[in-house]
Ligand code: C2E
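In C-alpha cells, one chain follows: the form predicted alone.
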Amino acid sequence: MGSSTQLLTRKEAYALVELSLQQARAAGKRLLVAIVEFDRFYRVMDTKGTEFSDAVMDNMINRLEETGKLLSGVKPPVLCNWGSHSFLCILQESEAADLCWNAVDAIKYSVECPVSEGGTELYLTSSIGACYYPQDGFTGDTLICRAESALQMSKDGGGNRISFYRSEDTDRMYRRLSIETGLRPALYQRQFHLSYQPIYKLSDGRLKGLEALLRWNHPQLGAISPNEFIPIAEHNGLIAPIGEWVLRESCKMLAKIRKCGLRDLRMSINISPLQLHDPAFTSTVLGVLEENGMEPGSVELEITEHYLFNASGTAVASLSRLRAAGVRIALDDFGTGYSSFSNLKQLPIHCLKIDKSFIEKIDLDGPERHIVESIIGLVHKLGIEVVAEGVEYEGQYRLLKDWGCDYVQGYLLGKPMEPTVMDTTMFRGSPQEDREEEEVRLQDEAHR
C-alpha cells in the first residue's frame, strides 16, 4: 500500500474483526487481535512535521505488508488504521500455537527498524496489546476492548513491550473505576474517617504528638488503603478537597485534646504534592489553625521524600512560606526514594521520618543497623530532628534510644486509634514507662 489512507477505517475495522471471528469459528482456530502503537510519536510530529510523520506511517505500512508475506505457517495479518500512530492487526492462528506469538514479535521488530531521514536515522519503539479468541472474548467489541486494555498495560509498564490480556487486568480496571466513581460521594457522605497513631519522645518517653491517618470504608469494596485511592484522587482532582477535610478534622481533634490540658501535643498531617501547587494552600492551613485557636507550630505537615527531592520551585516556595509562618515540615518515608544528604540542607524541613522498612531490621546483624545509626547522627548535625517509624520490638526501641533518635512511633507503643476510643488517660505516659513500672512492681512483690 502506498498511503496510510488506504488502510481500513475504525468503523470498517470493527466489521472486519467480526468477519474474521466467523471465519475462525468455522475453521476451529484461534484468532489474535493486536493493537500496535508507536511510543511518544508526538515528538516526531512536533519536531519533523505532519508531512514527514505521514511518510513514516506509510513506510511502516509497507513494512508490515512485507512482514505478513514472509510469515511462515501463519495467514498474513489484516491491517487496519487505528489512529494517527497506531494499527490494528488481525491474525488467524495456525496449528502451531507459538507461531502466532512469533508473528507478533516479527511485527514489532519490523516497525522498529530505523527510518532514514536527511542522512540521519530515526529510531522508534512500539507498544503492543494483544488478546485471543476464544479465551479472551467471543465478540469483536470485547476483543478490541481487551486488546486496548493490554496495550495500556504495555504503556503503563514504560512502553516498548508486548502485553497479552489477562483477566485480572479487567478486575483491576473495574476496581479502579469503582474507586473513581465512589470518591466524590465518599467525601460528601462522610465515608472517610481519621485514625490517630501516637508519636513518643524517646528522651523522656512522653507522648509528643499524633499522626492523622486517612481511612475509607467503601460500601461495596470494604476498607481501601490510602496507597490505592490517594493516587486516584490526585489524578481526578479530588485531592484538594479531601486534603482540606483531613486538615480540618485533625485540627479539630487536636483542639479537643488540648482542652483537656495537653497543650504541648502536635498533630502530623500527610499532604499531597498537588496541594502545594494550590496558591491558596498556605492561607488555608493558617486559616484552619486560627479557626481552632492553635499556633502554627502545633501542626506538622508531612510530604514524601520521593516527591520533595524533585519538587518544583512553586512547591518548595509554598513549604518555605509555611515554615516561615511557624508550621513544621517533615520529610516522610526517608530511605525509600532517592535519598541525598546534600539535598537535605536545601529543603525547608524540621524533621525527617525514617521509613519502617529500615527500622524493622535494625535489631538484626545487617546493613540496616549501621545505616539507621548513621542517618540519625548525620541528620542531627544538620539540625534536623528524627522520627523512627514502624517500631515493633523492644530491641528496636532500645537501640534507637541509644543512638539518640528523637521520636518513635509504631505498634510497640501504640496502634492507630479511632476518635471514639481515644481517652486522655491514654496520654499520661508512654507504654514503655507503663511496662517498666509494672516490672518494678512485680519485683517488689516478689521480694516481699
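What you see is a predicted model, and the numbers here were worked out from it, not measured in a lab. Residues carry their position along the shown sequence, with the first being 1.
The same protein also exists as the form predicted together with the ligand; that form is not shown, yet it is the one meant from here on.
Each of Leu214, Ile230 and Pro416 places at least one heavy atom within 4.5 Å of the ligand in the model of the complex.
Listed stretches are 390 to 398, 25 to 33, 376 to 384, 51 to 59; the contact stretch with the ligand in the model of the complex is 390 to 398, by a heavy atom cutoff of 4.5 Å.
This chain appears without its partner; in the model of the complex, the one residue of Asn270, Thr170, Thr125, Ser178 with a heavy atom within 4.5 Å of the ligand is Asn270. A heavy atom within 4.5 Å of the ligand in the model of the complex is found for exactly one of Gly335, Gly159, Pro226, Pro296: Pro226.
Residue contact with the ligand in the model of the complex: Lys356 places a heavy atom within 4.5 Å of it.
Though the partner is left out of this view, Glu300 does not reach within 4.5 Å of the ligand in the model of the complex, counting heavy atoms only. Contact check for Tyr411: a non-hydrogen atom falls within 4.5 Å of the ligand in the model of the complex. In the model of the complex, the ligand sits beyond 4.5 Å of every heavy atom of Asn81.
Contacts to the ligand in the model of the complex (heavy atom within 4.5 Å) from stretch 189 to 205: Gln197 only.
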